[in-house]
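The chain below stands alone and is given as structure tokens, in the form predicted on its own.
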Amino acid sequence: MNWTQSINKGLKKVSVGIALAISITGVVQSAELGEPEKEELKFGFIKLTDMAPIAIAYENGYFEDEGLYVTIESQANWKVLLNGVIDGSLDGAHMLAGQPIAATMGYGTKANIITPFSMDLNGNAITVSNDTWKKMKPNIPKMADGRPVHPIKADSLKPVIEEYKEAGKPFKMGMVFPVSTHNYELRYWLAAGGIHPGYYAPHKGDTSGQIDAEALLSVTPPPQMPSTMEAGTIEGYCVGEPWNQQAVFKNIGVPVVTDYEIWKNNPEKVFGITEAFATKYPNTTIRLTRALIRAAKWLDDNNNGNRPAAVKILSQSNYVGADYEVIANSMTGTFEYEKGDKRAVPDFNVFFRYNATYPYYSDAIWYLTQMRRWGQISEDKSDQWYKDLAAKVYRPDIYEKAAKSLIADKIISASEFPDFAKETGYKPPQQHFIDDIFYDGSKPNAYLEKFAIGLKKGDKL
């Protein structure tokens, strides 16, 4: 801790003491939470724009408001990040939504990871190389003013993949991690267009995810996506921003569909900590959740009016490190598909509205259904199994304590949060998917039966 932080830390303790001393009746405001048990924290992130709540909580002083003195460090990849949280070298991190679920389940590394905070909705896209786009474009059924009508479905890619197959060449695409949103969104989009993305068979030692695949998916770290495609190693990829817009700026590829178009207002990243951390440091956990909620709200305030300031912060080399213009292309409410085809997409990145920060059980269950669909869960599980695992990992109880304290402190109004008295943790059945299939998180097995491609009840590789 440096000299300035030491002074701030002392002042923070004095202010908390004053708050306690002057409160004789009623709610003791945030001081009621108690002082943080651990004040010095280190958080990890990957260089993506959806790490923004962590950066803003730091830059706007929200962590310090909670008596937390935070160091933020970028990580080489998602595996390194997860291992850092597990071994304690990181106290928490910006995580793929599937990471805490998979770790708790024991897929890959076994560890009890929880999330009290969902970081954002949407924010990803699928990009293809210029050559693939040139071959896809004639297959797109609708055009308006010379531009494709969105959403573009994978049906238009299917003839391209068949051409590769006839030539004896594999069609390769990149995603960021086997349990990433990107993997499941890319698979969802491909399968909705009749293209098999392949199965996993971990019980047989096969974690390639390429069994029966018509498109071969493999892991590429997010910042390396554009250069890997430019080198011809992959023909396309699914990634978060700014690495789709980077392909447009470099004129090496075309984003063909956003995840908003695959699943409207889908949950994306989460903030992950170990269950042991939350148990040992309950006040610290609630306070860091408060800071992140405030940051998320600031990011969406004034109809995204704070986004240009956020982009300036994110463009710094210690955060995302991409050019301001590249990050702004999606963060400020627009998205560019083909070069010059820039469209208004105000909800491309959502950080707070639509209850984006609430960790819904049904969000966790959706990821679990996709793990089962593609074989990462090898055998059938009961609906109750899905619900129990979701409740172990996603922790709306912690979120609710943080939110209620912010309401009590008159920092955020109750109307901007879910109605906690009625909240079940399950969203109403969702219908805005690219294949028009409804998703009801309370009935995971019935949901799995609806897909033409994917494992169903009784199926085992």
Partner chain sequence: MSLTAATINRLSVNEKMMKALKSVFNKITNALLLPVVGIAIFLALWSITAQSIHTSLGEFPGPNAVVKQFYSLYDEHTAEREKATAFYERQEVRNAKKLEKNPDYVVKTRAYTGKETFVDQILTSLVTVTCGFLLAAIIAIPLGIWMGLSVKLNSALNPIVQIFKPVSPLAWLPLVTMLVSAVYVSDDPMVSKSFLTSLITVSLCSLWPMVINTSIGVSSIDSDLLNVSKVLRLPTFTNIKKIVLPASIPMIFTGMRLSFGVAWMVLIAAEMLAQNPGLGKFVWDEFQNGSSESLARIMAAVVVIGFIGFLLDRIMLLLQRKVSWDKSSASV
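Numbering follows the first chain given and starts at 1. Owing to the predicted nature of the structure, the values given are computational and were not obtained by experimental measurement.
Missing here is the form predicted in complex with the partner chain; even so, the following discussion is about that form.
4.5 Å heavy atom contact with the partner chain in the predicted complex for all of Lys47, Pro223 and Asn318
Yes, all three are in contact.
Position in contact with the partner chain when the complex is considered in the predicted complex, options Gln246, Gln370, Ser156, Asn329, heavy atoms within 4.5 Å:
Of the candidates Gln246, Gln370, Ser156, Asn329, Gln246 is the one lying within 4.5 Å of the partner chain in the predicted complex.
Partner-contacting position among Asp206, Asp323, Asp383, Glu162 - heavy atom within 4.5 Å of the partner chain in the predicted complex:
Going through each option in turn, the one that passes is Asp323.
Just one of 303-311, 125-133, 163-171, 68-76 has heavy atoms within 4.5 Å of the partner chain in the predicted complex; which?
In the other structure, the partner sits against 68-76.
Although the partner chain is absent from this view, report whether Glu35 comes within 4.5 Å of it in the predicted complex, heavy atoms only.
Result yes; Glu35 sits at the interface with the partner chain in the predicted complex.
Could you confirm whether Glu230 comes within 4.5 Å of the partner chain in the predicted complex, counting heavy atoms only?
Contact check for Glu230: yes, within 4.5 Å of the partner chain in the predicted complex.
Glu40 versus the partner chain, in the predicted complex: is there a non-hydrogen atom within 4.5 Å?
Contact check for Glu40: yes, within 4.5 Å of the partner chain in the predicted complex.
With the cut-off set at 4.5 Å between non-hydrogen atoms, does Glu379 touch the partner chain in the predicted complex?
Taking the distances in the predicted complex, the answer for Glu379 is no, it never comes within 4.5 Å of the partner chain.
Across 45-66, which residues bring a heavy atom to within 4.5 Å of the partner chain in the predicted complex?
In sequence order, Lys47, Tyr58, Glu59, Glu64 come within 4.5 Å of the partner.
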